[in-house]
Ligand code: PXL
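As structure tokens, one chain now follows by itself in the form predicted on its own.
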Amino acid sequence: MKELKRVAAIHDISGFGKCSLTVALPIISAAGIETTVLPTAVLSTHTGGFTGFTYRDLTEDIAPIAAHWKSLNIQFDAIYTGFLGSFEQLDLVGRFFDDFKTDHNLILVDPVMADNGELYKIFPKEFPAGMKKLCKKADIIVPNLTEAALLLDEPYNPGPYTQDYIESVLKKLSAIGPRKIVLTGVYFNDAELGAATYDADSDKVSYAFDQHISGYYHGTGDVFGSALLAALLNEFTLAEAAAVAVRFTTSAIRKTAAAGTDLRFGVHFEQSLPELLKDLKLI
């Protein structure tokens, strides 16, 4: 029987809306990986399109939780971070990396802070510089094109893109520190949408595309990142893992579009989990 791997997922919890930990926990667990959670905040819903949501900041709990885990000598095969709500949380998570990084695990940072050419309104303009410092400590980062532009302090390019442009962005992102880059929201035409990957150790670029389905679907970045990490920990290469994540995310979007669900409610990833497990060769 395969050894059970363990992930530390450091995200917020939105009780309704299917994003962050309520996406990461079921997807990574379904892929046969123990998922330990460190919540950074608890919200009644995510903040995309909802008003009147509750918000409880858990910044003060991060260091004590990490210290307790350290005292128990808990080790992780991967550390996975998503939305972090403040500079203080960036610093605390950076210290978590320092405490739990080993020669054999990987750190995946999804620098959640922007989309559609704009920094999220809750963040000050200095926030991308803080996120860049965290990305320097990562093995893999998974920005979208807006986040990539902010990390590189460059103007946002809305696309469509060329291979030369995408490959330039990938290599400049790697120069920040991480050896592996997965760039989402890549498209060369209106029919397909997907991701590009770069492995600095092999200097290899790859692409993964699927059908472009119109509409803005909340939580898809978390769905993608969770599936990507699940594939990596099941021994898929970076290029293979990105292709798995693109197929899974597109499948979830397709099912949501067919159902006509309110897009604020998140995508129907649950119905696509059997497809993911088949893709991962787990069933």
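Don't overthink the numbering: it's just position in the shown sequence, from 1. Only a predicted model underlies this, so the values are computations on that prediction, with no experimental measurement involved.
Missing here is the form predicted in complex with the ligand; even so, the following discussion is about that form.
- Exactly one of the stretches 27-35, 217-225, 238-246, 254-262 approaches the ligand in the predicted complex with heavy atoms within 4.5 Å, and it is 217-225.
- Proximity to the ligand in the predicted complex, defined as a heavy atom within 4.5 Å, singles out one entry of L151, V112, I79, I140, which is V112.
- Exactly one listed residue, out of Y120, Y165, F188, F100, brings a non-hydrogen atom to within 4.5 Å of the ligand in the predicted complex: Y120.
- None of the heavy atoms of T59 is located within 4.5 Å of the ligand in the predicted complex.
- When the ligand is considered in the predicted complex, G48 lines it closely, a heavy atom lying within 4.5 Å.
- Mapping the unseen interface onto this chain, F127 falls outside it, with no heavy atom inside 4.5 Å of the ligand in the predicted complex.
- Not displayed here, the ligand is approached by C19 to within 4.5 Å at the level of heavy atoms in the predicted complex.
- Counting a residue when any of its non-hydrogen atoms is within 4.5 Å of the ligand in the predicted complex, the one hit in 74-106 is F83.
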